[in-house]
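Quick heads-up: it's one chain on its own, the form predicted alone, in structure tokens.
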Amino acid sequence: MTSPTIPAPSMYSADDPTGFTALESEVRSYSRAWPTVFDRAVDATVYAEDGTPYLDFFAGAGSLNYGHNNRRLKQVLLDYLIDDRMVHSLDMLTTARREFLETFHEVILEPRGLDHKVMFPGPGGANAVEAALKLARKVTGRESVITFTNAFHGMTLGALSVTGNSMKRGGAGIPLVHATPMPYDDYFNGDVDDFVYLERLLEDGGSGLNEPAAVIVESVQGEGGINSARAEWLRGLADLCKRHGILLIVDDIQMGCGRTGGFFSFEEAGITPDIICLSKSISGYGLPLALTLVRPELDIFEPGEHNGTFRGFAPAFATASEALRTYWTDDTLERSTIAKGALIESHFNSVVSRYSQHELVAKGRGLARGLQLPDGELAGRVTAEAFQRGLLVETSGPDGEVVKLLPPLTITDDELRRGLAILDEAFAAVLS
């Protein structure tokens, strides 16, 4: 039997100038929106292989809060590898693991009055969610989980069961059960009191709602359309969970690590979740790492009851520790993020006013911002126009109707204004 022939560059067609289509699965998505081959990246700029620069308002879907190839973190990573330090260790004890745990406790948890234990699941956000769901069910002995409209928690089956998007759920191939969706904050545009439906179901023995093990929520729904929950809504949810003996899980995978200002997105609400999921930017450098933080009394998994080959990637521990020391020992980054977010908010408000006939809606907190258009077709055209002008920006929402901004938190004011100017041109091209 002869080996399959890999197409040579000369065989690539005009319809496939990059040559990837012949080799890679149809499931790819971002490469369809940005049809170029990227090669290098520094801070808030990525470069195509022909040298064309693109300003990045995407930041690895929130995995690069401190920018691409952050110089300080890169040097720590290079030194770590040059010194032949442990790379793969499962959950064995290593100096890198100890350094991260101590730094995370001293810099993040202790100052915020959190005593959560740190669990390392697999390396991605969905792994953190799966561990949280399993643990909540084990602790309570219950199966049902309350989730919210337009939620997104990952693509593995457990995480997908608590995700709202019908297209993503459709890929499961089996029924997604043991999860009950409830209205997210302002789902009924203020016409219905918060939690009136959920509270009634919980108290009515004839409602048919199984007693929930947990509620899982995002304080800002990123993939769901930059829907930001009010602090009072989050406090009301936390109170409801406490009164009914339900564990509160906050998925802070995309909105944690400073994206909304504070390190955790729920800080301004003054709540203490039972379980917290972190990933994406926790390594600081875009290296895979995920954490499931659990209150000490909930830490009841037997040794090895939840495990994985890559549960704690040691080079990511090294860069994560340095990121915490560099950016979170004072409030400089937090204040900068809030100020830059206010700049975007003001700019988006002017866009809303400029194109009032389209009934645009500005959304978000910190440097998680969105502009909602009438439909996904218009939003997609805006991001395509932005790409043609040298800006990477994606869409989100159930129909892709929200132009979504997640620039690096370390982006300069000049870069931020330049990107907003490009967006202005894109809006004008589509909406004028």
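Numbering starts at 1 and runs along the sequence shown. The shown structure was predicted, so the numbers you read here are calculated from the model rather than taken from an experiment.
Although not depicted, the form predicted in complex with another copy of the chain is the subject of the following passage.
Novice: Can you work out whether residue 344 and another copy of the chain are in contact in the predicted complex, taking contact to mean some heavy atom pair no more than 4.5 Å apart?
Specialist: No, residue 344 is distant from the partner.
Novice: In the predicted complex, is there a heavy atom of another copy of the chain that lies within 4.5 Å of any heavy atom of residue 99, even though the partner is absent here?
Specialist: Contact check for residue 99: yes, within 4.5 Å of another copy of the chain in the predicted complex.
Novice: Given that another copy of the chain is not shown alongside this chain, does residue 374 nevertheless sit within 4.5 Å of it in the predicted complex, heavy atom to heavy atom?
Specialist: No, residue 374 sits far enough from another copy of the chain in the predicted complex that none of its heavy atoms falls within 4.5 Å.
Novice: Within 4.5 Å, heavy atoms only: does residue 208 come near another copy of the chain in the predicted complex?
Specialist: Close contact exists here: in the predicted complex, residue 208 approaches another copy of the chain to within 4.5 Å, heavy atoms only.
Novice: Quick check for you: of 346-354, 232-240, 255-263, 293-301, which stretch puts a non-hydrogen atom within 4.5 Å of another copy of the chain in the predicted complex?
Specialist: Of the options, only 293-301 has residues within 4.5 Å of the partner.
Novice: Should the three residues 77, 92 and 178 be counted as contacting another copy of the chain in the predicted complex, with contact defined as a heavy atom within 4.5 Å for each?
Specialist: Spot residues vs another copy of the chain: full contact, yes.
Novice: So which of 160, 323, 247, 271 reaches within 4.5 angstroms of another copy of the chain in the predicted complex, heavy atom to heavy atom?
Specialist: If I apply the 4.5 Å criterion carefully, the residue I get is 160.
Novice: Scan 169-201 and note down the residues that get a heavy atom within 4.5 Å of another copy of the chain in the predicted complex; none is a fine answer too.
Specialist: Going through 169-201 in order - heavy atoms within 4.5 Å of another copy of the chain in the predicted complex - the hits are 169, 170, 171, 172, 173, 174, 175, 176, 177, 178, 180, 181, 182, 183, 187, 188, 192, 196, 197, 200, 201.
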